[in-house]
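What follows is a single chain, given as structure tokens, in the form predicted on its own.
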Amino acid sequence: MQALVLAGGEGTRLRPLTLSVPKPVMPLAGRPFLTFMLDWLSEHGVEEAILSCGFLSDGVEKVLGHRHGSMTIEYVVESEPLGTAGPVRLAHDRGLLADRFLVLNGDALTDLDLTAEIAQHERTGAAATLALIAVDDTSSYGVVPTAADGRVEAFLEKSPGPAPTNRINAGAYVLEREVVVRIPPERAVSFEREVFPSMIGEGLYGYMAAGYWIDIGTPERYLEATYDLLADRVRSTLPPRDETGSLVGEGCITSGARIGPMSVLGRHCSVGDESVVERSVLLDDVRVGSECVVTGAVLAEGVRVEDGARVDEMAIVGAGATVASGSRVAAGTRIEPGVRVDAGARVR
């Protein structure tokens, strides 16, 4: 089986983290994010992954290379953004796609049953089968009402007003080659707004998926996915966590500090005496001084938090920034890469 992963987004909602690291390989629980998706695809028999990349594409290839376990990895680079369907047409025009293949949105962490989705696709003789997942709040997603036999009746992309169903598009498709010819070449095309709505009544089916699913595209959901991985709410191959449910990377120095619960420290971090890091993510080479408090925050690679400083809930500190001694970064604040917060300052 072959899969094309849409991994060309800039990750604007996750800035400033994605200003220095491409979103597809941004660390999640200590690993490049897309490795979780590649593991999942491999479990369901995918032998070849094609990654459609754009922004910082060289960085994605440098991290992931051309093989993941037994799976080969190829790359298609968009010279300009092509939407969600345009990259599929680009890969087709370059002769890379099989007669049947998977398409995955590259910003979801999930363990839904792709094997069962493919089996349903074969039984129904569908041209396209979309994985649908139930969510409590549909306002940010496309909702997809279906008939009893699974035929898609409408495709309502982020429509205002009450939704006719709580089943949303989970961004995991089984497609036949005949779908690709519907995609206009050499321009940005949306599956959700153009291709799928045009297929209503023409072989478009929904697969009612179960299991874990989350779009990690915002800081809130990035942290939620981190906590869920640490708590084993989604299947993964993470190493064992410590007694606080935390992961501490190699070469870290934390003696005299309190780490956890539910925190991730990347490689070669240090946390000073009497400091507290809880429900937070520290990427590689972060230095936290003594008597600091970091709660529910994300600190990018190379951040320095000096003695007595505090970083509050949902704050994000960009790569190489410094939070000087005695200062406080308030909840929800975003500090750009390389910025220095003055000593004793209060930043909101």
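These numbers were taken from a predicted model, which means no experiment stands behind them. Start at 1 with the first residue shown and count on from there.
A second form of this protein, the form predicted together with a small molecule, is not displayed here; the remarks below concern that form.
> Answer with one of 222, 205, 101, 213: the residue that has a non-hydrogen atom within 4.5 Å of the small molecule in the model of the complex.
Looking at 222, 205, 101, 213 one by one, just 213 meets the 4.5 Å heavy-atom criterion.
> Between the options 126, 168, 262, 91, which residue brings a heavy atom to within 4.5 Å of the small molecule in the model of the complex?
None of the other options qualify; the answer is 168.
> Of these, 174-182, 224-232, 253-261, 73-81, which stretch puts a heavy atom within 4.5 angstroms of the small molecule in the model of the complex?
Residues of 73-81 come within 4.5 Å of the partner.
> Answer with yes or no whether residue 142 is in contact with the small molecule in the model of the complex, where contact means some heavy atom within 4.5 Å.
Residue 142 belongs to the contact set for the small molecule.
> Whether residue 192 contacts the small molecule in the model of the complex should be assessed with a 4.5 Å heavy atom distance threshold; does it?
Looking in the model of the complex, residue contacts with the small molecule include residue 192, since a heavy atom lies within 4.5 Å.
> Taking any heavy atom pair closer than or equal to 4.5 Å as contact, tell me whether residue 106 reaches the small molecule in the model of the complex.
Judged by the heavy-atom cut-off of 4.5 Å, residue 106 is in contact with the small molecule in the model of the complex.
> Heavy atom to heavy atom, is residue 297 within 4.5 Å of the small molecule in the model of the complex?
Answer no; every heavy atom of residue 297 is more than 4.5 Å from the small molecule in the model of the complex.
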